[in-house]
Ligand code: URA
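Okay, so here's just one chain, in structure tokens, the form predicted alone.
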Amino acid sequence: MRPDPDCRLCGLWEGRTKIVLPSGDPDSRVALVGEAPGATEDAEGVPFVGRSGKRLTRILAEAGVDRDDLLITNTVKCRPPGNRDPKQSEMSACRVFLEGELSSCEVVVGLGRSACRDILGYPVNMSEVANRDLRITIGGRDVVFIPTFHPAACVYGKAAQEGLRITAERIARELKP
């Protein structure tokens, strides 16, 4: 299920340029979920194509993963004003779309604190949960959930960058036939 092109389920529609739909392989076993589109994503309508996306693509490539082999999406499909974290009501409005996108995935990777909070339903300390296998229910199915650092966090610390690299290597193993 995709949002209507004129979706107004929450107030984010007022400032959006484009609804940012998932990219990559919709049938992939592995999905990456960020929190929300940024300015470049809003302009292009594709998730993770700005600075954070370029960093993510590079780290995935270093692990031997092509981003086209994954499903890449966000918890909300429209950019929050001022690049703020999405509100709970905004994430709830898009939840039906996210669950539909993740319906065939066996492994879901949460990129950053906000995305992890939405998917898990409770706040997390990233340094405590990063790269630990958790279990979540998506569409009535039990799937592996791996919280990890958002690519933007890699600018601020080596621990975040190393954590995201570990996740990329795990994704490479998951995608092997």
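Each residue number is its position in the shown sequence, starting from 1. Computed from a prediction, not measured in an experiment: that's the story for all the values here.
This next part talks about the form predicted together with this ligand, which is not shown.
You can rule out all but one of 118 to 126, 58 to 66, 43 to 51, 135 to 143: in the model of the complex, only 43 to 51 has residues with a heavy atom within 4.5 Å of this ligand.
Three-residue candidate spot Ser23, Lys77 and Gly100; no residue lies within 4.5 angstroms of this ligand in the model of the complex by any non-hydrogen atom. In the model of the complex, this ligand sits within 4.5 Å of a heavy atom belonging to Pro37.
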